[in-house]
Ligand SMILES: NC(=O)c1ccc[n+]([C@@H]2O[C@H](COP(=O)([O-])OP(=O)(O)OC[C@H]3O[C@@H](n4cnc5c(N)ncnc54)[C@H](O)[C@@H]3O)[C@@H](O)[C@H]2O)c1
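Have a look below at one chain only, the form predicted on its own, in structure tokens format.
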């Protein structure tokens, strides 16, 4: 069983679809009989990904498109091209993302590019595709790829955290808007991956670390939780179970409620308190 929108003949559009979680999702949707458009910035990787997709579905059911999700006009061209080629979109997965690294007072170009791709890419995709998806009056899905770093905001990569915190806030607002729109059968969902071994996280490694999930495991979990109706698709991995993620997120929210210093989980004065909290003491 899977979500009823993941069905033969329906159309899925995946940004960042040439590799990682995006390609794994495209493969899963293709195996379900869907027509798939993978969009990415790299034509060579798109061609390689299309070859992989053509091994599980007819080549006529696969479309590729070079897109820069940070540019609204580029995303509009993608939406128009999908409409012309496949007739419309049933699943939009705004998955494109980058993580080149950032520091608080350095690399201004990194800051701008990270926020442009990771946050504005999702804003552009949702705002440009949603109206036509709603107008079809069919059931549909918008899946936005967030991050646990956008919720617990650990030190070390502030631009990435800011971008993914924006994705969380935007997707919550999007789902609220959709459920209050008359004759709308589209739902939004926030995918929150765990540690997934992809090109984004490999950092020079060629073998998957034991603690990481594969992109395929992440997509299988996503599809199961879509079927269950989850908005927050909080993925575990081989290292961090859901219970620990929940503790970390509750502690982060508790910084406000308890008036602790921000990021107190990493503050030496609160190390013992956090350890006891995790143990349930």
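Note that the structure is a prediction, hence the values are computed from the model and not measured. Positions refer to the first chain, counted from 1.
Heads up, the form predicted together with the named molecule isn't pictured, but that's what we're talking about next.
Residue 196 is the only one of 143, 196, 159, 151 with a heavy atom lying within 4.5 Å of the named molecule in the model of the complex. For the options 96, 82, 174, 130, the one in contact with the named molecule in the model of the complex, meaning a heavy atom within 4.5 Å, is 96.
Proximity of residue 245 to the named molecule in the model of the complex: non-hydrogen atoms within 4.5 Å are absent; the residue sits far from the partner. Interface residue remark: residue 225 is not counted as part of the site for the named molecule in the model of the complex, having no heavy atom within 4.5 Å. When contacts are judged by a 4.5 Å heavy atom cut-off, residue 13 does not count as touching the named molecule in the model of the complex. Taking the partner from the other structure, the named molecule in the model of the complex has no heavy atom within 4.5 Å of any heavy atom of residue 239. Contact with the named molecule, judged by heavy atoms within 4.5 Å in the model of the complex, is confined among 151-159, 96-104, 179-187, 130-138 to 96-104. For the marked spot (41, 45 and 67), a heavy atom within 4.5 Å of the named molecule in the model of the complex is present in each of the three residues. Applying a 4.5 Å heavy atom cutoff to the named molecule in the model of the complex picks out 113, 117 from 102-130, in order along the sequence.
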